[in-house]
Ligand code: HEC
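First, one chain by itself: the form predicted alone, in structure tokens.
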């Protein structure tokens, strides 16, 4: 028997969802150029040096600063050029505006907003004829996704990430069948949550995949499996697009 849907609850939920979208993707934040900043150079292009595609918890500072470089028409670095950093509401920059140093670079520390999701940050330099801008993507993880990140680091990353780190030696090159990276949206976005759950719980053979993927049914609870899936969805490139919410009609 179909339950009656409380229209007031639906209206309230819709309003909250709209507010979340506006907060994350709404107007750009950023201060006006500091009057004390006196540009001595003007570039034609701005490129990323480092700091893009980081993942951090909501409301926290990213581990590494975002560094951009301003170049002229010939691709030569331009010192003394003004750079402004902008982002969705809730994101903060320190500083929000800066002049490039002798190597043509400007650096800012980024603190993510309080809503989980993908943030598009923008670095802008005025340019001679028109402004030049650069988009930088960062990802903020909510509680469930952060739990998934911890679990992935403990159980998954050694095989799914081909890069070794000071804390972990990758096993990727030793595997005959290469695991998909969690960022591989072209593959993982096509798989349902049920498919991913089956592979995590019962191993690759559950979906006729490689037996090198072991089962974790006795290691991870269902809640932890869901957290892992939420984490992979957050990292997916191209971004994962969940199916739209469908409300039952009377």
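Positions refer to the first chain, counted from 1. Note that the structure is predicted; figures quoted are calculated from it, not measured.
Note that the form predicted together with heme C (HEC) isn't included here; everything after this is about it.
Novice: Determine which one of 66 to 74, 37 to 45, 210 to 218, 51 to 59 lies within 4.5 Å of heme C (HEC) in the model of the complex, judging by heavy atom distances; exactly one does.
Specialist: In the other structure, the partner sits against 210 to 218.
Novice: Please run the contact check for residue 175 against heme C (HEC) in the model of the complex: heavy atoms, 4.5 angstroms, yes or no?
Specialist: So residue 175 counts as contacting heme C (HEC).
Novice: Determine whether any heavy atom of residue 128 comes within 4.5 Å of a heavy atom of heme C (HEC) in the model of the complex, and answer yes or no.
Specialist: Residue 128: no contact with heme C (HEC) in the model of the complex.
Novice: Look up in the model of the complex whether residue 228 has a non-hydrogen atom within 4.5 angstroms of heme C (HEC), and give yes or no.
Specialist: Answer yes; at least one heavy atom of residue 228 falls within 4.5 Å of heme C (HEC) in the model of the complex.
Novice: Though only this chain appears here, would residue 180 touch heme C (HEC) in the model of the complex if you measure heavy atom gaps against 4.5 Å?
Specialist: Flag for residue 180 set to yes.
Novice: Heavy atom within 4.5 Å of heme C (HEC) in the model of the complex: which of 115, 156, 136, 124?
Specialist: That would be 156.
Novice: What residues in 180 to 207 sit within 4.5 Å of heme C (HEC) in the model of the complex, counting heavy atoms only?
Specialist: Those in contact are 180, 182, 188, 191, 196, 199, 200.
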